[in-house]
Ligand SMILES: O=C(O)CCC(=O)C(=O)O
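Here we start with a single chain on its own, the form predicted on its own, put down as structure tokens.
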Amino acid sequence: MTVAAEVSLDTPYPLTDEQKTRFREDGYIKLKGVLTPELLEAYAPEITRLTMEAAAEMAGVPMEERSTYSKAFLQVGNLWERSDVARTFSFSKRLARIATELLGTRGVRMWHDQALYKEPAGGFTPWHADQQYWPMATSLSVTAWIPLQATPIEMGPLCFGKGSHLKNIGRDIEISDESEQMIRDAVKQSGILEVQEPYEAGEVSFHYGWTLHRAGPNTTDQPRKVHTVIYMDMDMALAEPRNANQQNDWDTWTPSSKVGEVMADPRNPVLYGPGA
């Protein structure tokens, strides 16, 4: 990577008070020009290589033989541990500072990063809330959703339930056909506005862990390449797991942490704030 590309990953992105307020009210925000097309071109090949290498077995399974979840995307976590290039991208202070300012915390830690590649003819992603999987003591978590290319509606960009993080909907159901039906019905009954928009190259969205979201299928002949970084308050404590998914995520993403204590496992470095 060039020095210029690395510097641009750490250059502050100016957020307005209005944008911070909108994020906290809506549960998400999509920001233009967070990354440059040149930066995406520099890092996307390595993210793609790591993703396809790790997901090669699943990629070889015909769509008709997969579950709804497996049709939705190829999923590979903690790319930052697999490559220095991926680490540089995921450890971007530019992104981590945005996450910190949106959450209103003194800093953020890595929960984990992951690639979500929706293949050509890939299916829809069911309605869900991410934090159903995470044993966190508070709601101060946020995901940066980073398309590595312009993402039209036909590729299946995220669809958010506006303000849904303030509703107690779908918090005890994992992503599945059942979550799609139950949350879809609840969203309609609650009058929650569904917002789905295309992403320009370099646009990045941020959403709370409890914000309901889904994505449509990829009807193009190109993969929808997306990298994500999940941040949590740097003072986030581990909560007693409420379900098997949260126990699995404890074991996977923060294995040395103890219930009631800050999740300061080596897998959860501070990315912005004191100690970063």
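Bear in mind that the values here come from a model prediction, so they are computed numbers and not experimental data. Sequential numbering from 1, following the sequence displayed.
The form predicted in complex with the named molecule is left out here; the points below concern that form.
H128 is the sole member of H165, H128, R97, H112 with a non-hydrogen atom lying within 4.5 angstroms of the named molecule in the predicted bound form. Residue-level contacts in the predicted bound form: of T151, T143, S179, S92, one residue has a heavy atom within 4.5 Å of the named molecule, and it is T143. Taking the partner from elsewhere, F206 is found to have every heavy atom lying beyond 4.5 Å of the named molecule in the predicted bound form. Though the partner is left out of this view, L116 does reach within 4.5 Å of the named molecule in the predicted bound form, counting heavy atoms only.
At the 4.5 Å threshold, heavy atoms of L158 reach the named molecule in the predicted bound form. In the predicted bound form, the named molecule sits within 4.5 Å of a heavy atom of T228.
With the partner omitted here, the stretch from 206 to 214, 26 to 34, 42 to 50, 236 to 244 that lies within 4.5 Å of the named molecule by heavy atoms in the predicted bound form is 206 to 214.
Contacts between 159 to 173 and the named molecule, taken as any heavy atom within 4.5 Å in the predicted bound form, involve no residue at all.
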